[in-house]
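Just one chain follows, in the form predicted alone, and it is written as structure tokens.
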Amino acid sequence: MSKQIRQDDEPRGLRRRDVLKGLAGAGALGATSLPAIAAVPSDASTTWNQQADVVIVGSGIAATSAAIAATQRGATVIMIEKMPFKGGTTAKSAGVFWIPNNPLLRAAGVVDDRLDALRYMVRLAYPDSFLPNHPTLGAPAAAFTLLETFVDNASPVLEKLMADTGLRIIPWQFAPDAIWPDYYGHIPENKVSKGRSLVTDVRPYPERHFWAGGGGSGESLLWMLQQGFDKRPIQMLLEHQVLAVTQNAAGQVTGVVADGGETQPIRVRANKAVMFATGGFTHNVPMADGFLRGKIWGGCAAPGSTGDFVGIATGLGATLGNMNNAWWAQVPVEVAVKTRSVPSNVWSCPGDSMLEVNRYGVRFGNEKVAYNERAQLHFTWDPVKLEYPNQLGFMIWDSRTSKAYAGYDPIPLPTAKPAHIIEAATLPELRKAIEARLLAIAPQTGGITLAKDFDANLQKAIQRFNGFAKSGKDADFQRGGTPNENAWQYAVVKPAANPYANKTMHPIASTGPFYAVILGAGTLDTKGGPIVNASGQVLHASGQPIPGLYGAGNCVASPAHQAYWGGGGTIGPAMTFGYLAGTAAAAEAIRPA
């Protein structure tokens, strides 16, 4: 029999834990991380090791929200998590959730009009087809229905969770009383430029302070939501990987088969439905290489984000969607090639006397632009040279930025000497040090090297950048031109003295020491998978729901498509659609085994 894990229990043993921790390594992942079969038959004679009305696979925000919703409607729940710890990527996250027309906006008298919100969302999700006066604003009809569902339900779901759990909220702030803007609050389609991004209110708990103003992290979000779990009919199994679902003769999903390290896999009966909220496929290298629009080196997703649900759902006839998109962000490449599940992404290239160049020593973008867009600069293809010139970027900074922005990742604290930070007394010596690092990781990069004219081009780039810093205007990439860029500038450190008008730029010193880090594309996680409807039901290729199968979060096709609307653009929809899926699953009739 499997061991039941309570919320306050320690996970058992090391054997299973050691295997699962290996999933974080760059070389440990492959097609074998997908289940060998999608479904096994069940009938009246099947022996079940555990049973509940709703079985939820995963333990992050979508799974937690679903479990609360299901129990609010009288259902019993078993949550199954394959890692030795609960919380998934949510527990690693900064804990921000993006909620249009939320109660704090309304209390402040801010009108977040439904159609205006949808226009902003579709403008970013489907920029190639956006039509502001079209019935679906140019989005595909099914996708628009999901976006409408989110706008209509995000705040009501949040308020229901607040009424029934310990969840308390405040606006996301980059400084005390300074509310963070949407990432694209400056574009015409955004009529409410700030206040949609929220965090947990942990002001009474100083040890939990993560953001300015007493905002909490993702771990605090789960902590608040899971207060009282021991009083709900919820059981949790850790260190159990779901290998397949079970189906009765009518093709209805009736439970799951899970490997918990026992002699035989266990069967868990779902009287009503099974819901997956298992994360994306960032850490499944063949899937990431095969589906995503460009090369990624890793990401901050939990190590268990290996796309397990894709194999199960397609084996049941589900259609996949949005598999080429992700929640993009840069990663330090030297860290990612060793451990694909990096501790954190690079949210903003910190500093003012800092720039980023490619292998030619040429600036290739706005170092401060929103991370979702900045990471995609690495995917640029040069059709003449037949290469990806920006596949690796080199963030370079001087002593001023090293001191003023110490501790703003990836710039280390003065006492820290992380191996992936490169230091040299002069720029030519920095180039030699970078080349040595590139040689060391050549087996993972395909042998990318610096161009012969790197030194000359870097000097030109710095000279040009310094002119922009003094004038206050970046004529090439408009650095510092949006509210979001300026919010990130001092989000982690105290404002540095800068006599120039544009606080995101300061002339780079002519003398060393100089520093560098190698950056590449990564993800918070992917956001493609089986297509679902507004209730979270997984759709068969025929367009009909697969009976008894639900999904939410990063393991399904995201209605955000390519967009990242603002801070918490991942957690907000996952919380909402997880809750809706849990509600619908609990309302199902009991299915015969």
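Keep in mind the model is a prediction, meaning the values are calculated, not measured. In this text, residue numbers run from 1 along the sequence as written.
This protein has a second form, the form predicted together with a small molecule, left out of what is shown; the following refers to that one.
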Checklist entry - Looking in the model of the complex, is the small molecule within 4.5 angstroms of a heavy atom from every one of Gly60, Gly87 and Ser305? => result yes
Next on the checklist: Taking the small molecule as it sits in the model of the complex, is Glu367 near enough to touch it, meaning that at least one heavy atom pair lies within 4.5 angstroms?
Outcome noted: no
Item to check | Contact label in the model of the complex: Lys92 to the small molecule, heavy atom within 4.5 Å | outcome: yes
Checklist entry - At the 4.5 Å heavy atom threshold, is Asp398 in contact with the small molecule in the model of the complex? => result no
Checklist entry - Do Thr570 and the small molecule come within 4.5 Å of each other in the model of the complex, heavy atoms counted? => result yes
Item to check | Proximity to the small molecule in the model of the complex, single hit among His506, Lys82, Arg363, His378 (heavy atom within 4.5 Å) | outcome: Lys82
Item to check | Position in contact with the small molecule when the complex is considered in the model of the complex, options Phe291, Tyr126, Trp347, Tyr184, heavy atoms within 4.5 Å | outcome: Trp347
Next on the checklist: So if I measure heavy atom distances to the small molecule in the model of the complex, which of the stretches 418 to 426, 270 to 278, 464 to 472, 225 to 233 falls within 4.5 Å?
Outcome noted: 270 to 278
